[in-house]
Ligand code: NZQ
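Only one chain is included here, represented as structure tokens and corresponding to the form predicted on its own.
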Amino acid sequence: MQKFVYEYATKVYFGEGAAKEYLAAEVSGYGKNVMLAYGGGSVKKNGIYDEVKKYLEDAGKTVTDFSGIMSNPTYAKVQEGAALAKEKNIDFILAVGGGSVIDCCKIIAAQAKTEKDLWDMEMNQHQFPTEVLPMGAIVTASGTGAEMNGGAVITNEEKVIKAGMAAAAPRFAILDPAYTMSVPKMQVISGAFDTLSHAMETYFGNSDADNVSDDVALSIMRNTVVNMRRLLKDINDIQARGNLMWDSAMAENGILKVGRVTDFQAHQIEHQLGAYTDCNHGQGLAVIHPAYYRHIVKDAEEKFRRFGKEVFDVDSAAESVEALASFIKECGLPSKMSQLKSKTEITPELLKNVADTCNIIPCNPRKLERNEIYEILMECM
């Protein structure tokens, strides 16, 4: 294992009724003005908004709404939120939603504390925020693991780039499986596949074989698959939803990444696909992963063999990739670009743009060239 320093950034409250029991005490240590941020309004329809707002107001907070955070949130939405935070002298941001809402709020929390353009600051000047507004997260749709780290993914529409940024880590996260019960089946399954992708990409990093993180990652992958199958049988299985919530957090809270390098090339490809389209992130990953793994399976045969045996009970490296592809179809997830829902038509020309602009990383089993990335994308058509 490589050297590492590890520290939890986020206090987690897990279980039914967690918001009622802990939210008021957690926000009591911050100022009066709270920004309550959420997405398209589902939290109002299912009653979570009213419940959370009441807890905040009972704690003596003045609540400012920030709504309309979309899937694949945009940098323009970040600037809108940061401007509102400054205008209302916001002391604390509470993100209520899934990964898109949480990621957007993380970057708002950083942008609100600087007059510099955060994108230019990070991407061009390679400087990172040192002061942020404190924030917390109440998870209503799991999968991204955004609630337990300081990274965030945002789409800069002007530059046609979807990329990760350093931002604020939530001071606390509330994970109540009951808050996910109104999330539609395919959204739950898509989110869970994002969790599986995080664990797979950590596991397949170009790292030494003697790494305890591999064992933990395999356990998270196996548990994610088991509980996705439970939800295919009964979407109202709250225990399975709870297991997947914690799988999601575990896959992205840093535990799987310590002492090793990781392979997030499939994520990099999908992020850039998301910059050119409005496809669902987890579903985009489901399309890309098998094609990508068919290209690199011979570069990490032993790891793929072990992955196949422990997660899908198959014997060979090649079988492990096909078992993953079969599982994707079993879940009803897309396996071709044509099955992705996107307002933008996905054409070979668009995929060429994705290949030419996506971030290429050197830490996977074999570094790809852009022409091979294009081949992978075309194999997904």
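Numbering starts at 1 and runs along the sequence shown. Given the structure is predicted, the values throughout are model-derived calculations rather than measurements.
Keep in mind that the form predicted in complex with ligand NZQ is not shown, yet the notes after this line are about it.
Which of 138-146, 230-238, 111-119, 288-296 lines the interface with ligand NZQ in the predicted bound form (heavy atom within 4.5 Å): Single hit among the candidates: 138-146.
Name the residue from Arg260, His267, Lys303, Lys77 that puts a heavy atom within 4.5 Å of ligand NZQ in the predicted bound form. Contact check passes for His267.
Looking at Ser100, Gln272, Ser213, Asn243, which is the one with a non-hydrogen atom within 4.5 Å of ligand NZQ in the predicted bound form? So the residue touching ligand NZQ in the predicted bound form, by this definition, is Ser100.
Any of the heavy atoms of Ser42 lying within 4.5 Å of ligand NZQ in the predicted bound form? Yes, Ser42 sits close enough to ligand NZQ in the predicted bound form that at least one of its heavy atoms falls within 4.5 Å.
Is there any non-hydrogen atom of Leu196 lying within 4.5 Å of ligand NZQ in the predicted bound form? Result no; Leu196 lies far from ligand NZQ in the predicted bound form.
Give a yes/no on whether Pro134 approaches ligand NZQ to within 4.5 Å in the predicted bound form, heavy atoms considered. Judged by the heavy-atom cut-off of 4.5 Å, Pro134 is well away from ligand NZQ in the predicted bound form.
I'd like to know if Asn72 sits close to ligand NZQ in the predicted bound form, meaning any non-hydrogen atom pair within 4.5 angstroms. Output for Asn72 is yes: heavy atoms within 4.5 Å of ligand NZQ.
Contact check for Thr10, Lys53 and Asp247 against ligand NZQ in the predicted bound form, heavy atom at 4.5 Å: No: no residue has a heavy atom within 4.5 Å of the partner.
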